[in-house]
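Only one chain is given next, in structure tokens, and it is the form predicted alone.
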Amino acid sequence: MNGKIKGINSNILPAVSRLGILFIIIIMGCIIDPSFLSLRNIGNNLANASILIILGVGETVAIITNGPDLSAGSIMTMGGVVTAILMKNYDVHFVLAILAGLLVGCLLGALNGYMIAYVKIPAFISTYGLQWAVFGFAYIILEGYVLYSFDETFRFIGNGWIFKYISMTTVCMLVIVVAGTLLLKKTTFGRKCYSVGSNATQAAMSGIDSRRVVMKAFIFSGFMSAAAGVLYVARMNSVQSDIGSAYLLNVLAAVYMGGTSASGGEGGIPGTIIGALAMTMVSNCMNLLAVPSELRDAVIDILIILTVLLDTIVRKRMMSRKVG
């Protein structure tokens, strides 16, 4: 009965604990405001969570494979800045501008992957250093200015609504979530990510080129970060050199709250979605209660600690009661 506890799959209880936290948050929201579960509010929460979830998809793959991508927020910024500059200053068609922004994200992700996989710089150091370099370049490119007021067709990608209650940002997020989940769970590359993250030495002995896997994982993370930046610009109709700075800790929190192991080899995108939704709904509840902004980060930090603590307790009890 390996992997089961008295007939219960060992992956179920942690998932239930995270869903339980989300359910409690929803109940609290309904108590605060009966319209919390209205279609309009659900649509707004999904739209607000979408950029964080897209970032989380790339971050999840990176953490499962080799460690955190601390440059995700800066790559998000650069993807948005490149797209905006090309449209605003050079009159490039928005489709080509978006492709350029995504390409820059892939190149920065490849730089991360090369430094980690081939130069052997730890992921934490490599991505942290790149973060500040990219933020600096974004500031230089924009010369300290804020760009705003973009083409309406481009803005529809991030700010449009279809079927009244579903935003285009949410549609883009759902497409990315499905693609990312299939990539991790249904492809050879996804299985290699888990193998390398669990035990890189053993993966190498099995014939897996861990360097190529790590490289691809961080390219994917860079692509997702740039995609989040493009959608952010389209949604907010503006861009400046630090738009991604507020997202880094939030995306790490969403991924870890969702059950992805900091040591790699374990986790998945569904859990990240739960983590991102929980954080977004808590923020919504605090808005309804008019909680001062200086207290909001503290409340979210406490939620993160409690969620991870509960998940750790559940896992330890499962291990102690594991049969066979």
Partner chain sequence: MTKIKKLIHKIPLITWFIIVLIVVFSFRSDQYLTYRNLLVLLQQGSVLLVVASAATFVIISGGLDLSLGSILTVSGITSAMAVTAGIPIPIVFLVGGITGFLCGAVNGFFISYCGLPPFITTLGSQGIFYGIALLLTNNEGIVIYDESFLILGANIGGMIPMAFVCCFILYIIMIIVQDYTRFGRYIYAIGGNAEGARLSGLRTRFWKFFIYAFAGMMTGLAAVILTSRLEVADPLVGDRWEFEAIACAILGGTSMNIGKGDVKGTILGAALLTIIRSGMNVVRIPSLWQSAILGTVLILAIVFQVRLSLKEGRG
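Just so we're clear, the structure is a prediction, and the values are computed from it rather than from any experiment. Note that the rigid core is defined as the largest set of C-alphas that superpose within 1.5 Å between two forms. Positions refer to the first chain, counted from 1.
Below, we turn to the form predicted in complex with its partner chain, even though it does not appear here.
- The stretch that touches its partner chain in the model of the complex, counting heavy atoms within 4.5 Å, is 122 to 130, out of 88 to 96, 122 to 130, 149 to 157, 232 to 240.
- Remark: all three candidate residues (Y114, A298 and D301) come within 4.5 Å of its partner chain in the model of the complex, counting heavy atoms only.
- Interface membership of W161, defined by any non-hydrogen atom within 4.5 Å of its partner chain in the model of the complex, is ruled out.
- Residue contact with its partner chain in the model of the complex: I305 places a heavy atom within 4.5 Å of it.
- Taking the partner from the other structure, its partner chain in the model of the complex has a heavy atom within 4.5 Å of a heavy atom of A262.
- When its partner chain is considered in the model of the complex, I140 lines it closely, a heavy atom lying within 4.5 Å.
- Here is the short version: of I219, A227, V82, L252, the single residue with a heavy atom within 4.5 Å of its partner chain in the model of the complex is L252.
- Only one of the listed residues (L70, A49, M257, A278) places a non-hydrogen atom within 4.5 angstroms of its partner chain in the model of the complex, and that residue is L70.
- Core-superposed comparison between this form and the one not shown: the C-alpha position of V299 differs by no less than 2 Å.
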